[in-house]
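Okay, so here's just one chain, in structure tokens, the form predicted on its own.
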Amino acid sequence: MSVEYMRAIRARYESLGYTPYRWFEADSPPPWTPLVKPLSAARLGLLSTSGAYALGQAAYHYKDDTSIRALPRDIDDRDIRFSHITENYLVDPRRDPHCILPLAPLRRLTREGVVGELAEHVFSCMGGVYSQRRVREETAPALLEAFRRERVDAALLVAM
């Protein structure tokens, strides 16, 4: 059975007397750039919007936290933590972090030569930020700079 989430959310907001839910609408197409080398020769970055962070780093503070966390690509699973505004979605990642932060599969793909190299650090943010302006002005530029420092050719987005 499929669920039409956008329609369901609109109806829910309306039934609660809220103003209509405003979905993000881009004012221009994304600036996609084709890879200039095969994936097997590329340095791959990773971004998870799961609110992952490393043991010893500060957790996300839930409401409109636009910060990012850098995690080493070889982090031990026992040192991965999660905090997110949608806590109910973290049951599976806390049991198996690779379902939302797929480091083990990416390491395997690197060993097999499918991916040239995984960046030294992977990144996470808390995807539940309500302010589109803050995502555009804070999170996106910080991620772009972080990926540039890691010299990635392509980035994989794993959205929660």
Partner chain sequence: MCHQTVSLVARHLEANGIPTLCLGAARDIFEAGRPPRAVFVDYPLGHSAGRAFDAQDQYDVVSAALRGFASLTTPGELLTLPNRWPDDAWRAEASSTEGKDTRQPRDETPQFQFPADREAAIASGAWAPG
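Think of the rigid core as the biggest set of C-alphas that the two forms share within 1.5 Å after superposition. Positions refer to the first chain, counted from 1. Because the structure is a prediction, the values reported are computed rather than measured.
Just so it is clear, the following notes concern the form predicted together with its partner chain, a form of the same protein that is not shown.
A residue is said to contact a partner when one of its heavy atoms sits within 4.5 Å of a partner heavy atom; Cys99 meets this definition for its partner chain in the model of the complex.
Using a 4.5 angstroms threshold between heavy atoms, Val115 counts as touching its partner chain in the model of the complex.
Shown alone here, Ser15 lies within 4.5 Å of its partner chain in the model of the complex, counting heavy atoms only.
Contact annotation: Ala41 falls outside 4.5 Å of its partner chain in the model of the complex, judged by heavy atom distances. After superposing the rigid core, the Cα of Arg151 is displaced by less than 2 Å between the shown form and the other one. Once you line up the core between the shown form and the other one, the Cα of Asp27 ends up 2 Å or more from where it was. After superposing the rigid core, the C-alpha of Arg136 moves by less than 2 Å between the shown form and the other one.
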